[in-house]
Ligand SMILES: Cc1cc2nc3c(=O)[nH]c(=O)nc-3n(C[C@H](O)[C@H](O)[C@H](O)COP(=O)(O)O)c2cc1C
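Shown here is one chain on its own, the form predicted on its own, set out as structure tokens.
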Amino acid sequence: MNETIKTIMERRSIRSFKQEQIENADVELIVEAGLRAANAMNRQTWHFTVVQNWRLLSDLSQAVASVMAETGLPSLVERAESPAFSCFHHAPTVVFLSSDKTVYSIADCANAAQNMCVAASSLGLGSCYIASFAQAFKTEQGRKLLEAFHLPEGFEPVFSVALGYADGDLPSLKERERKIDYIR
């Protein structure tokens, strides 16, 4: 099997990261892989923000926890109240992908996030594709935190990719349902 297909087939979402920061050269390669993603009409309707600031990531996680606690859903409230909660799984680097909200921008950002995850895996790094944080930016606290991103006018974060070294064994590969029809 070729190396690209092998990397795609073996990639897993990592939800426990070591505190050790990843190399800048690896961050640059991963972001470049995101920039090379397929995107509608080559409009590149994204903006990437690389965050390695522990305080900002912690504050964002707390904003997410507040939103989760307000849902009243027992499973979310329990997670939000855990002292170890981090919506970014304590990753030392998180790349936020922001959309300009045009018609194909969400797909463009999704493609870029997937490229970043595969690139990270190919470099021996863990990654986790995350969207649940976005709800926090709709709160007053979240809007204040968003100011640190210095986003271009009209952009909003829609996805993030948590990056780092996996802490512990990799999760086992999960089987995929074969939801496929062929029309020939």
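Being a predicted model, the structure only gives us computed values, none of them experimental. So that there is no doubt, residue numbering starts at 1 and follows the sequence shown.
The form predicted together with the ligand is left out here; the points below concern that form.
- Across the proposed site, 89, 128 and 159 without exception bring a heavy atom within 4.5 Å of the ligand in the predicted complex.
- Of the heavy atoms in residue 21, none are within 4.5 Å of the ligand in the predicted complex.
- The ligand is not drawn, but in the predicted complex it has a heavy atom within 4.5 Å of residue 132.
- Shown alone here, residue 13 lies within 4.5 Å of the ligand in the predicted complex, counting heavy atoms only.
- Residues are counted as partner-facing when one of their heavy atoms sits within 4.5 Å of the ligand in the predicted complex; in 170 to 184 these are 174, 176, in sequence order.
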